[in-house]
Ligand SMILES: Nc1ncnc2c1ncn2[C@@H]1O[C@H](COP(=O)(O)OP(=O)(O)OP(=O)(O)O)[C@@H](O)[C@H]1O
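Let's start with one chain on its own, the form predicted on its own, as structure tokens.
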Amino acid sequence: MTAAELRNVFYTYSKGTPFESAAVTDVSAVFESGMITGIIGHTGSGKSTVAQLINGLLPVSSGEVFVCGKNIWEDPKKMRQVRFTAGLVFQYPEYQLFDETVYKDISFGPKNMGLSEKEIDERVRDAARDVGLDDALLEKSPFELSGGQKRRAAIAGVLAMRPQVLILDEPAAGLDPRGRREVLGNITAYRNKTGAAIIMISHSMEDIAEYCDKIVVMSDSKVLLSGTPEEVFSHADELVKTGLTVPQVTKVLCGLKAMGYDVDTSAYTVDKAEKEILRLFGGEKKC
């Protein structure tokens, strides 16, 4: 089921001024429930603008944005509800923690939804569990938490609103490998539990390859490519030309291809690359 959609969307920054620039040009994209869709692109390609357009933080210059089948700009007075439905987690969201305790911080969104105290409590504790935070941490100041715990608390604040579309801008940026795995694993678990549509912006091709079901590639304010990771990373040369990179394992396979080996360069994870290399050289995986 389609959870969010952009139809022929344009957005221009500083329109009508000498600083006018096109951020998004005729972009059409579909984001399905139950899927993690990655948005990748070079700096200034328009990917973060797309995220803010879906959430309604930015108004379209032209075109249409749909969330759960409704044009979000049909009735601008209902935009508050749109932001409960399409939750946006900004890059480095821990910088937006502000309340006395982790509990109060996570409860901010549900309170603004007008929920009862009982339901707020249920949502806060569910969201904390969804991101791997112990109940004992809920009464602590968010500023006493570790960097990874702060990131999870900030994400929990959006999950507590139970969005049907969850948009994350670089959710694992700045985290160590363990922290990355935990945060991205929690996001995947939330998708599995709720069937929500997850939209994830990332510069890490490894993260995109491992966790995403679909990829949208932005370049110069437009959609360059869209498809499964296998389909997108099979265009390695095209991605590199736009200033992007590909997963390291894909680079290895492309190197073998350049050396004359008949290798399928569309593999994008370590497991897939391993199978392709074993096929190529006639080996068997050892236990």
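Predicted model only: the values in this text are computed from it and were never measured. Sequential numbering from 1, following the sequence displayed.
Omitted from view is the form predicted in complex with the named molecule, to which the following refers.
Colleague: Using the partner position in the predicted bound form, report whether T43 sits within 4.5 Å of the named molecule, counting heavy atoms only.
Modeller: T43 belongs to the contact set for the named molecule.
Colleague: Are any of the heavy atoms in N55 no more than 4.5 Å from a heavy atom of the named molecule in the predicted bound form?
Modeller: Because no heavy atom of N55 falls inside 4.5 Å of the named molecule in the predicted bound form, the answer is no.
Colleague: Under a 4.5 Å heavy atom criterion, is S48 part of the interface with the named molecule in the predicted bound form?
Modeller: Yes, contact at 4.5 Å.
Colleague: Would E170 count as touching the named molecule in the predicted bound form under a 4.5 Å heavy atom rule?
Modeller: Yes, E170 lies within 4.5 Å of the named molecule in the predicted bound form.
Colleague: Pick from T194, N112, Q81, Q91: which has a non-hydrogen atom within 4.5 Å of the named molecule in the predicted bound form?
Modeller: Contact residue from the list: Q91.
Colleague: Would you kindly say which of K104, R125, H203, K140 lies with a heavy atom within 4.5 Å of the named molecule in the predicted bound form?
Modeller: Of the candidates K104, R125, H203, K140, H203 is the one lying within 4.5 Å of the named molecule in the predicted bound form.
Colleague: Though the partner is not shown here, which residues of 8-38 have a heavy atom within 4.5 Å of the named molecule in the predicted bound form?
Modeller: Y13, S14, S21, A23, in sequence order.
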